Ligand SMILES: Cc1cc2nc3c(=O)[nH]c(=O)nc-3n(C[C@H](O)[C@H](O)[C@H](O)COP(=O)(O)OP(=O)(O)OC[C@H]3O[C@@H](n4cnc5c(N)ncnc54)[C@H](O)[C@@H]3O)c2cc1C
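Encoded as structure tokens, the following chain is the form predicted alone, with no partner shown.
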């Protein structure tokens, strides 16, 4: 039986980065993926990456001339439901080809000693007599099964959570798959512009009312018209049609090339660890609530986990749930708390008519440039007292002049209060597992009270 310290299942951005961090710390790491290497990341051609994360992660920076690189921009834009009152977010992004970027990560991590095996499927866990994970059974492309011994299994298997969902019910990790209500259905239209000199986008422009955006493409004469929506691709298409009929989009020629995919859109699983197990990435529902993008959000978790895992496995030790528990604590009290606050806030902020959304942009109610900029840099909604008072005054004024319905104002205020309650609860994540069940029960109550984006969609469909 082959032996490794760590087996990572999933060779995309999260798995490759975490594998590098652990190999760099002296551990023998194997990464497996069911797909051929050429297929990793091929479901979407283009993705945007926070430029600041090259320095934060140490990943070699790519620029013009590299095959993976497409373009970069220093700011993004955000516009109202009718395409007015543009808001600028000063935060740099770099645009890459996803398949080529994954290969870049593979090459980089191999330099630190990471081992990769593609066309290799996870079959099941191997447990010892104490029912703790001590390895995995895998099957290669020739159908040959093999037992691999390891001290830690890391699930980076993607949104289906194949590995997490294979855990026993009593292992301390949520093992149910994400439902359609827990996802955003993303559709990208790669269009050819009729007048690229005039209409080629130089940055990404978002339309929060529709959850759509217009962004640069890999085609120098093209653009991407994208949408993300709850429940189904069919519903996403309905919203896109409304977007297309309302917003003046650049003229295109020919038929667009369509790509589809899903991204998690719900709170992260409450516990990321158990005996010999760690969950990272889409499988753990790690995504930015304001964009649905999970690459750098998952990298943050990887960096939180790396030193804790290294300490838990030092000198050949087995990484028990208790030894790995600080990952839960540190993540939940930082990024987890910030994301919970933002997600709950957005549920109330987007529940508005087009006219109300227009007024919210006009008066910078919720859609404030300074707040949106710091949200990108800190992954947090750190409104100052002055900004909060300004927002309250604007809401009061909006109600007084009849620009926003009483119910909409009530939803905004309630969502802000619920968001603060959730953030406080995550900040109080228990230091050990003894009080975890009680914490989960309270978290369930708070999330039920906060609702979800899916609730809003179902309500709108019924109306």
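Numbering follows the first chain given and starts at 1. All figures in this text were calculated on a predicted structure; none of them were measured in a lab.
The next section is about a form of this same protein that is not shown, the form predicted together with this ligand.
Item to complete: Note which of 70, 40, 29, 419 lies within 4.5 Å of this ligand in the predicted bound form, where distance is taken over heavy atoms; exactly one does.
Response: Here the answer is residue option 40.
Worksheet item: Since exactly one of 217, 345, 120, 76 fits, which has a heavy atom within 4.5 Å of this ligand in the predicted bound form?
Response: Exactly one residue meets the criterion: 120.
Fill in: Contact stretch among 258 to 266, 245 to 253, 321 to 329, 217 to 225 - heavy atom within 4.5 Å of this ligand in the predicted bound form
Stretch 258 to 266 is the one.
Discussion item. Considering non-hydrogen atoms and a 4.5 Å limit, does this ligand approach residue 295 in the predicted bound form?
Written reply: Flag for residue 295 set to yes.
Discussion item. Quick check on residue 19: any heavy atom within 4.5 Å of this ligand in the predicted bound form?
Written reply: Answer no; every heavy atom of residue 19 is more than 4.5 Å from this ligand in the predicted bound form.
Practice prompt. Report yes if any heavy atom of residue 279 sits within 4.5 Å of a heavy atom of this ligand in the predicted bound form; otherwise report no.
Written response: Flag for residue 279 set to no.
Discussion item. Please tell me whether any heavy atom belonging to residue 9 falls inside 4.5 Å of a heavy atom of this ligand, as the geometry stands in the predicted bound form.
Written reply: Flag for residue 9 set to yes.
Item to complete: Verify the flagged residues 35, 162 and 287 against this ligand in the predicted bound form: is each one within 4.5 Å by a non-hydrogen atom?
Response: The answer is yes; 35, 162 and 287 each reach this ligand.
Worksheet entry | in the predicted bound form: members of 164 to 194 within 4.5 Å of this ligand, any heavy atom | Result: 186, 188.
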